[in-house]
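As a starting point, one isolated chain is supplied in structure tokens, in the form predicted alone.
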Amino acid sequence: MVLDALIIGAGHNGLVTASYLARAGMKVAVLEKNDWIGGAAVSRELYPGFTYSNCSYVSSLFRPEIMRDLELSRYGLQILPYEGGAVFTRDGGYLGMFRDHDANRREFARFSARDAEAYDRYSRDVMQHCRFIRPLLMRTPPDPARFRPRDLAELAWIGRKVMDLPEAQIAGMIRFWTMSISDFLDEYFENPVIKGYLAVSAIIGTALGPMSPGSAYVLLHHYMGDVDGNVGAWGFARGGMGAITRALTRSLEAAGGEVRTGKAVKRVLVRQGRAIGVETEDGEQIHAARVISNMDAKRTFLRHVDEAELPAQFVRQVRRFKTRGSSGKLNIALDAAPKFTALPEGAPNLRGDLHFTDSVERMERAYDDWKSGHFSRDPFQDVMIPTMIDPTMTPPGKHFMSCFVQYAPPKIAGKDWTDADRDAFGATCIDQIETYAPGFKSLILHAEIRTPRELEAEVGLTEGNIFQGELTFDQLLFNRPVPGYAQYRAPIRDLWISGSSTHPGGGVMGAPGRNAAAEILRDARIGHQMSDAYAVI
């Protein structure tokens, strides 16, 4: 039987697309090259009794509309908000962060009374930018190079949103999207520790430093999520990040769809300019009325589609699409909770994100190492201990630590990573933690070290870029992944793309997958006279 839709890749966006299509009545299958589902949103037992979130590790961006539509709470998804965080200073102190805004202001006042007063203004201005951008996340971007009525209507809608803003806010918004986070924070704050903490979201997963133009927008991208309606809040998926993709899989299967693991796709089958299915690495040909790739744009079009089937200009644009990896990850099984000398016993800050980079300048020097083709000698680490909130991930009394690291380049001095490079990278990160938590090394039962090499080989992220393409202004909206093809359609008829290299970008958000499904259903309804069941979106 020919499928209505065949999705390549069981990452969260692919599962979102598949679930919406299945709920609309399509016969849907998802192919996954690994023997497990989830892509980068996965939970795995890599040490006996310990569940690792070994790629993505926190949740906020996943759209609540999708959770409701696909009934993910019914299928076991629960997000546990974390309670705060801290940045440790080199002089043995710390700046704490809390879920409560006023508590943060009081903490800022320990470092700078002026910055405590500025915090309200900063929070207000960032939220203004969020309020403008958030409605765009779940809409297909217009194509300004075409004059179709739908594109003109969408451009007019965006234009009205802009014109409704005060002139000063419009100017501020344009500046914000193009400036560095360092310059932006300098307009509000004076204390280096406060600025160092707030700059973090602008560099996560991005081949930019805090002084790079465009890094301010990356901060906004990370602020646009919410947990239980609290905009900008973050939390842990109970049972690890794989809980998200497990719930999506159950939702898909309840709607009649299926996931086939251990099915790596070799190539997309194209006949007379139309995608008709795929051939897998084991030689099976699976036919479908439409093929949807959840892989990034480079992997999809440069590795799995015959270049002769694509326009030459499109191929050149895809080759230029920036997917520079900048991140690494350590996943560590601990015999007990580490003790950070700066934090009081039982401090709520342990139940959040812990950092050791206490200034923008120190963060920029870590980026300098990346630019020279080396992992950061004094890296930025976003350290989490989710088992402080979710004890289901480990045996009683034990803990799991997740360390997200900037910066790690796709290659070391122009050469592929070696095992020795990987081990040196891991040792550098562990040594840094030991400095702030003496005795930490003695607690380690097992450590998984992941560089861009591992992220590409296992998850399929080109160059290890966790967003499937950088979130710079030239690669957003109707330019993502390339101009003229930002509406989830490929140049080949019935071939679609639904991953994070499409609008609105990366993170465990689900919006690209949902938007792609909306376009596919719209196309099916118009082109094939499908039933009103497609009004599900």
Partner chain sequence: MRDKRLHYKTPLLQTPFHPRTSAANLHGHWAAWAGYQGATDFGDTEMEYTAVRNAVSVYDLCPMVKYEISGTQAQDYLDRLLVRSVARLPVGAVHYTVWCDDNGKVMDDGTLFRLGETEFLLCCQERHLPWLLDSAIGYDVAVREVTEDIAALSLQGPCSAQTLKAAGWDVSTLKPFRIAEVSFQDKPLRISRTGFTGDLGYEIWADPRQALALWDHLMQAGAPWGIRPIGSDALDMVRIEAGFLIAGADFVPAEQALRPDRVRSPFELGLDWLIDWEKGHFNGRRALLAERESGASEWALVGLDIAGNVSAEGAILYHGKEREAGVVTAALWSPTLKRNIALAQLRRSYLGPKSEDLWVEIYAMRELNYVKLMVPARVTQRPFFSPARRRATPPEDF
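Residue numbers count along the first chain shown, from 1. These numbers come from a predicted model, not from an experiment.
One more form of this protein, predicted together with the partner chain, exists but is not displayed; see below.
- The partner chain is not drawn, but in the model of the complex it has no heavy atom within 4.5 Å of residue 177.
- Remark: residue 106 counts among the residues lining the partner chain in the model of the complex, judged by a heavy atom distance of 4.5 Å or less.
- The shortest heavy atom separation between residue 169 and the partner chain in the model of the complex is within 4.5 Å.
- Interface membership of residue 347, defined by any non-hydrogen atom within 4.5 Å of the partner chain in the model of the complex, is confirmed.
- Listed stretches are 98-106, 136-144, 243-251, 421-429; the contact stretch with the partner chain in the model of the complex is 98-106, by a heavy atom cutoff of 4.5 Å.
- Scanning 158, 447, 342, 80 against the partner chain in the model of the complex with a 4.5 Å heavy atom cut-off leaves one residue, 342.
- For the options 307, 117, 368, 361, the one in contact with the partner chain in the model of the complex, meaning a heavy atom within 4.5 Å, is 117.
- Residues from 433-472 do not approach the partner chain in the model of the complex: none has a non-hydrogen atom within 4.5 Å of it.
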